[in-house]
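Okay, so here's just one chain, in structure tokens, the form predicted alone.
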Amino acid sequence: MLHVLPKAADGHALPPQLLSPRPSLRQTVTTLQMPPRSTVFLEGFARGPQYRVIEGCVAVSQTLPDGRRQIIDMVGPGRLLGIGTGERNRCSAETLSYVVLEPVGKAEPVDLQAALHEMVLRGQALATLLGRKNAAERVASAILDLAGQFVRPAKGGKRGSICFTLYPTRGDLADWLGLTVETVSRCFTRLKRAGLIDFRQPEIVTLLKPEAMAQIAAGTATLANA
């Protein structure tokens, strides 16, 4: 989820991806292309290779003994996938879209350190989200995070708005945010009615007021007065 964030003009935090260009990514003949809902690796199985996500979205999750799923992270372009310690996977990874992965072999120490640092920060932020934030704050945090990772060109959009691809379904978001599908859908509807987001298709969302959304995510404003 959200981690170390720079400040907007009014002093509220915004995700760094929304304030700086995404790194350029390259596709080579060694890339692996996978369709939606494909398994990259499974929890409990022998650890496989590490990948860098070139395109698409991958959900990293753990499964409880009764079958319930907790999504730990949504991994987008430029980020490493499959890092960790031990001989077996501690998590599973599933594609939520058409995904292009680049095997990286043994990651460079500087890349591995940066990826581990980011993983720790995102894990801490998720723990705070699940333990302290209400439903509106959780959904707002998720929208900001996904808008930063999966921003797409928008034609004729309002100045300052951000269009992004919403790869997770409402069920995926529920498993990520510790909510029910109905609560996630209700929060999206309320955010749309408040003029903070817009969507004509479920998978294409426009973030109309990033700073107001950041205030809700941080708990410094409520959805009613955003």
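Note that the structure is predicted; figures quoted are calculated from it, not measured. Residue indices: 1-based, along the sequence shown.
Only in words, not in the display: the form predicted in complex with another copy of the chain, which the text now covers.
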Quick check on this chain: which one of 40, 196, 166, 174 has a heavy atom within 4.5 Å of another copy of the chain in the predicted complex?
174
Let me know the one among 62, 185, 161, 33 whose heavy atoms come within 4.5 Å of another copy of the chain in the predicted complex, would you?
62
Does at least one non-hydrogen atom of residue 117 fall within 4.5 angstroms of another copy of the chain in the predicted complex?
yes
With the cut-off set at 4.5 Å between non-hydrogen atoms, does residue 102 touch another copy of the chain in the predicted complex?
no
Does residue 190 make contact with another copy of the chain in the predicted complex, using a 4.5 Å heavy atom cut-off?
no
When the contact criterion is heavy atoms within 4.5 Å, does residue 68 count as touching another copy of the chain in the predicted complex?
yes
At 4.5 Å, heavy atom to heavy atom, what parts of 114-149 sit next to another copy of the chain in the predicted complex? List them in sequence order, or say none.
116, 117, 119, 120, 121, 124, 125, 126, 127, 128, 130, 131, 132, 133, 134, 137
